[in-house]
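This document opens with one chain alone, in structure tokens, the form predicted alone.
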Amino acid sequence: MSARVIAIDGPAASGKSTVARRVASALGWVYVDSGALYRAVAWKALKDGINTEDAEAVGRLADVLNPEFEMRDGAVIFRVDGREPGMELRTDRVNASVSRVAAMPTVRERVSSWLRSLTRFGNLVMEGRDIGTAVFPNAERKFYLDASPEVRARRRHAEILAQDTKASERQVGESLRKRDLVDSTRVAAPLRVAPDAVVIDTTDLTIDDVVEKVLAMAGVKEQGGSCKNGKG
């Protein structure tokens, strides 16, 4: 039987990463953070001294990049050049480059191919910005999480403060707005709501609330992945 996919899309700080991980754990499925792979391309380009504004050079890099994937603790992890990038994917340099790298058509095509190959690990809960529209347009269930710009800025600011960064909430909000603009206007697989996606506004909801909604609407039993109607 082919693997099943729950796609969870949305803009930055909408809660999709935490929700997707929690949903995958509840179902006993495999969690996939698609954004980490775009960060990996940006990280590798910076590491190799490639100009991340040069789409042709970054595209050539993506074409020959060959991450090694494995499953650990219910999530897909990967190595590049034999090592796990880990928190190096979250540095300021990578943060500043990943939006433009992820907007490059060649990079998106390459990363989408990697993501589709991960069904070999089993049923997936995959989060990102184009999972339900481009990577897995036939996903069994699709969700789009969103929240008000103010709440998203507050959430991301709290995350940044935990890393001892001194950016203000206003600066964080402006950064999110720029990222939203890039994501929603790029030529290749822009951020948008799939026609058949369930939209959940997380502004006034707790993570528990959102996880419960997704699990209820997904129509899948916890820990086992069987449909509630007994099929599949």
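The structure displayed is predicted, hence computed values, not measured ones. Sequential numbering from 1, following the sequence displayed.
Absent from the display: the form predicted together with ligand DC. The rest refers to it.
Residue-level contacts in the model of the complex: of Leu118, Val98, Ala147, Ala153, one residue has a heavy atom within 4.5 Å of ligand DC, and it is Val98. Site annotation in the model of the complex: the residue of Gly59, Gly35, Pro67, Gly173 reaching within 4.5 Å of ligand DC with a heavy atom is Gly35. The stretch from 200-208, 176-184, 59-67, 46-54 that comes within 4.5 Å of ligand DC in the model of the complex, counting heavy atoms only, is 176-184. For Val76, no non-hydrogen atom is located within 4.5 Å of ligand DC in the model of the complex, even though that partner is not displayed. In the model of the complex, no heavy atom of Val107 sits within 4.5 Å of ligand DC. Ligand DC in the model of the complex comes within 4.5 Å of a heavy atom belonging to Arg129. Although the partner is absent from this view, Ala102 contacts ligand DC in the model of the complex, with a non-hydrogen atom inside 4.5 angstroms.
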